[in-house]
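Next up: just one chain, as structure tokens, the form predicted on its own.
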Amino acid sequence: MMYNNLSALNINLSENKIELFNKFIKEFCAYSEKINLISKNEINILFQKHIYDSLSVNLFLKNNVPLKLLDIGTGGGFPSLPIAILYDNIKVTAVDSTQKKINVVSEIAKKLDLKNIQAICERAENLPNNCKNSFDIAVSRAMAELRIMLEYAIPYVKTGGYFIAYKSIKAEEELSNAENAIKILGVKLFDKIEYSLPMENSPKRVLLVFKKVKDTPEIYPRKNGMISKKPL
């Protein structure tokens, strides 16, 4: 059974959770056929490439404590939906600027009766001010270069909280390019957690875990596309 692979992430699913993930896979594939959430070639490896990867965050989230988590650029719901399914005690806010994708996240959450996730259609830099310094953890997967993602995420993380970037073989190069952003935004690299996907010839994956050690200057995140136009 594919779920046995999750033991490498220290995850042992209950029957109820397996049922939820099976339902999630069925619903996601049905929606993806209509609006192409992921490529057709990836549907057959949905678990290995997207669900398993999303759940790799368990290698960091070892303590079973209630948390508020922000997923920036969730797309069709990764990693937000798998996280919400696995962790009943994590309140997930999934953000994406594409309305049709956010609609899918909301509809799947409703069909799975997930009470711990909300989906918001908005650009990350335009989230309300009351979102700043309010999340225990922010995550982002396959959205943008690290120095860009740091500016999107860090202003919304509490001082003492964490940002987790899902990255692959370019992690070291992106870390080097992000030195200025790391300094300006008040974070430090806390951990690098390497893992592999349960696929043949899978490239190494890494979770770059940053801890917010001081308050972020109020001007961040910058508006009007400046984050990607002029990265820190």
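From 1 onward, residues are counted along the sequence shown. In this text the structure is predicted, and so the values were computed from the model without any measurement.
The form predicted in complex with a small molecule exists for this protein as well; it is not shown, and the discussion that follows is about that form.
Partner proximity in the predicted bound form: Glu151 to the small molecule, non-hydrogen atom cutoff 4.5 Å | Contact check for Glu151: no, nothing within 4.5 Å of the small molecule in the predicted bound form.
Flag Glu122 as yes or no: does it have a non-hydrogen atom within 4.5 angstroms of any non-hydrogen atom of the small molecule in the predicted bound form?
-> The answer is yes: Glu122 has a heavy atom within 4.5 Å of the small molecule.
Is Phe78 a contact residue for the small molecule in the predicted bound form, using a 4.5 Å heavy atom cut-off?
-> Answer yes; at least one heavy atom of Phe78 falls within 4.5 Å of the small molecule in the predicted bound form.
Using 4.5 Å between non-hydrogen atoms, is Ser97 touching the small molecule in the predicted bound form?
-> Output for Ser97 is yes: heavy atoms within 4.5 Å of the small molecule.
Location of the small molecule contact in the predicted bound form, chosen stretch of 83-91, 70-78, 129-137, 104-112 [non-hydrogen atom, 4.5 Å] = The contacting stretch here is 70-78.
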